[in-house]
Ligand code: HEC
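Here's a solo chain for you in structure tokens, the form predicted alone.
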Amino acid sequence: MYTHYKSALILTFSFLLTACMESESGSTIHHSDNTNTHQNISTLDTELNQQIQARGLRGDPVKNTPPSIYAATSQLGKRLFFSKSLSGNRDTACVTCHHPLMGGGDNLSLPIGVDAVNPNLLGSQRRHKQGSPHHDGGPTVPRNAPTTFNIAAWEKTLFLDGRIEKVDNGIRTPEVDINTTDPRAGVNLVHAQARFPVTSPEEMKGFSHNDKNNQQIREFLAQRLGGYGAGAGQLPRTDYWLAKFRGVFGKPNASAQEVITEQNISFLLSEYQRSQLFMDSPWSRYVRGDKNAISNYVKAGAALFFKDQSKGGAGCARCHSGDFFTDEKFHNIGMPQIGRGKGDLDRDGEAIHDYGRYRETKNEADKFAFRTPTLLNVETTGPWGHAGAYTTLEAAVRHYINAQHAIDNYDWNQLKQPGLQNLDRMKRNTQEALDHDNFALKSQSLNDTEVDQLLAFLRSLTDPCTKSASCLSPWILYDNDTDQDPNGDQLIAIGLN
């Protein structure tokens, strides 16, 4: 079905992704399908079938069919997603923080957007330029980069604090008041979301365009691609983009001003992202009727996952509900607070905290609350937590089991990214969330085998395509692309080698 690209990039990223997957659990507990789980397989199937029926699971959370990656809109959206022309200083692209070969993210606890030493170098060796006045040597983006995989399945909110959200009569964005429709939001949540990374100085806008507000930087970037207005003369070959926009929108004689607009750009970016559907997991096949799709050991983990704590289970499905494994609500689970923060004050009056959903609602009950993440492909989409403080899935799971113990005994060795700020204040600041009235987790007593069964179940939520470079190739631009941007802004990612 897919073309196999034999390039050094694929080999490099395949090696890195494989190494990441092999070491991700922190410690390995070997097991087989014959492990004694105190339940036979027919009992487990009966129990899980009851859970599936009661929860209305069908193995597919998408209600509206997203575009194919082969659609013209998705293909042009992919070129825009990989284009550094959409950043203020032409040094970063959307794909910088959301590469398909890195789980639709960047494999970093906290992203490094603009001012990188090597703009095309992604992953653990990406570094900021030294001496820049706009950062302190560490990552400037305060929150972990969420995966773009399955973004089309979100129905209520986008972003960790829900600043893109459905309201009664449309879509609300941070450019309008809470519960208010933004007339420029676009046609869906992803369209609305795609308009904002370019407005962030740390992510894509850069710091040399501070004279432009959000709408002005969007329009400036559109003018740059089209070679008109304030962006005229920025790119040597704007005919490249004009021809593509005319073709996709079916307007062969349209001017650049008519087709290369900020709304059309964000729409195309959203179509590419919405095409990234990776849901064909062993668990989804099990839900659809293939009872041999997962092992008895995984079924035991699923039973723990869905069963309420009051009945001896882990109660994970209380928030990680439905086929998408999220209630799309906001909860304070006390994830570690590292990095520069969002400018919110901690107990000592320092602006290094992140209040999460409270930043949008100003409701005390929302302080430190973040959106429940989907668990589809969770194995491949770390690091985990709003600040990426857990770099193994096992560590993240153990936080859910006993958050206070996890913070008190936090393993600093798991942080591989240099320059992470405020590590000396992590426990103090995170304790604020743990002590808040809205803290949502209850401590549990699960043994190592039960933890490993939960991890086995979580890994069964992985679509194998997300771990295959050849399968992901339709969503990637490579150095052998025959239609490369002649402006030299196409980001061809390189890894450690």
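Since the structure is predicted, the reported quantities are computational estimates derived from the model, not experimental observations. Note that residue numbering follows the sequence shown and begins at 1.
Quick note: we don't show the form predicted together with this ligand, though the next part is all about it.
- Of the heavy atoms in Asp323, none are within 4.5 Å of this ligand in the predicted complex.
- None of the heavy atoms of Ile338 is located within 4.5 Å of this ligand in the predicted complex.
- A residue is said to contact a partner when one of its heavy atoms sits within 4.5 Å of a partner heavy atom; Gly113 meets this definition for this ligand in the predicted complex.
- Put simply, Leu441 is close to this ligand in the predicted complex: some heavy atom of it is within 4.5 Å.
- Checking 407 to 415, 369 to 377, 422 to 430, 234 to 242 against this ligand in the predicted complex, the stretch whose residues place heavy atoms within 4.5 Å of it is 369 to 377.
- Site annotation in the predicted complex: the residue of Phe267, Phe159, Tyr286, Tyr297 reaching within 4.5 Å of this ligand with a heavy atom is Phe159.
- Interface residue among Gly88, Pro119, Gly226, Pro146 relative to this ligand in the predicted complex, by the heavy atom within 4.5 Å criterion: Pro146.
- For the partner-free chain shown, Val378, Thr381, Trp384, Gly385, His386, Leu393, Ala396, Val397, Tyr400 of 377 to 408 come within 4.5 angstroms of this ligand in the predicted complex, judged by any non-hydrogen atom.
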